[in-house]
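Here you get one chain, nothing else, as structure tokens; it is the form predicted on its own.
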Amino acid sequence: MVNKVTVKDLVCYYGNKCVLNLLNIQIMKNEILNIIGPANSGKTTFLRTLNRMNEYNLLYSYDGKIYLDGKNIFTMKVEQLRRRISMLFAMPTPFPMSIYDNIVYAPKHLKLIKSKAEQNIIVERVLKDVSLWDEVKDRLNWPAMKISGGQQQRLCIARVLAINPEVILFDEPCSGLDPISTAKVEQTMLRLKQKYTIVFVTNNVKQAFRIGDRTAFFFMGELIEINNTKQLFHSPNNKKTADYITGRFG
């Protein structure tokens, strides 16, 4: 597999508190990499560091390097980086506008599309990518807030896809969804890895087992273990990993 993202000796702080300590990890192109671990293990901090969202927090500081296709992300322009590494949050966050306008907003702002015909093509393509086209094609002018929570989350994924990112960060995207909606989001993620690299934070170990190619276990700011998902779940090398995935703590 081709290496997409390389993290070298990453250390992250909030004030004087170290929340990630000497993290070294490689993320492969077109894989789903799960990040699991108990609360306060640095999972979301790691995601937010990958697309530099933490820099809005005045208490945040870091040391180390992260490379995207060999280029240090901390030397890139933030807007350029976030076009390439996009993020989806736990709760659906559609804009207060129509389904159609949610999708074309960012491409229009970034001047990626010009004509109405180009907009229509992108809207149909990304809604099909998330299996939402057949459900909403006759109501694209509806307010996005009127569709179900599961549909809103898939719309938010489609909105991300509209700018053609390379890496998508998912921060517990199914935490507020029912089982049917969760299954649809999981199926969407499995399809998307054919085109994109996915980093997926989840507190649901069964979900991690279902969809991840590899899984990394974080504990108290440290990477304890990373391996092929099935191997890590069936034969973990570290007792802390075993205790977590069997529900003994966390």
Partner chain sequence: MKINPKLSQQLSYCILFLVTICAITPVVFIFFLIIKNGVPNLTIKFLTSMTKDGGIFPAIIGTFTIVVCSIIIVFPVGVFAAIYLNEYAKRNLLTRLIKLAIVNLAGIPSVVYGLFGLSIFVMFCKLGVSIISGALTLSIMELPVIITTARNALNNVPYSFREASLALGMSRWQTVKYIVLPNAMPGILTGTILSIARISGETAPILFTAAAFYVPHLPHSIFDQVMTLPYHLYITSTQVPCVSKTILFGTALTLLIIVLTISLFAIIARLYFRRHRKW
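What you see is a predicted model, and the numbers here were worked out from it, not measured in a lab. Residue numbers count along the first chain shown, from 1.
The next section is about a form of this same protein that is not shown, the form predicted in complex with the partner chain.
Though the partner is left out of this view, Phe89 does reach within 4.5 Å of the partner chain in the model of the complex, counting heavy atoms only. Contact check for His109: a heavy atom falls within 4.5 Å of the partner chain in the model of the complex. Using a 4.5 angstroms threshold between heavy atoms, Phe74 stays clear of the partner chain in the model of the complex.
The closest heavy atom approach of Asp138 to the partner chain in the model of the complex falls outside 4.5 Å. Among Asn120, Ser131, Ser175, Thr93, the residue placing a heavy atom within 4.5 Å of the partner chain in the model of the complex is Thr93. Residues placing heavy atoms within 4.5 Å of the partner chain in the model of the complex fall in a single listed stretch, namely 50-58, out of 50-58, 213-221, 33-41, 193-201.
Residues Arg159, Val160, Ile163 of 157-190 are found to place at least one heavy atom within 4.5 Å of the partner chain in the model of the complex.
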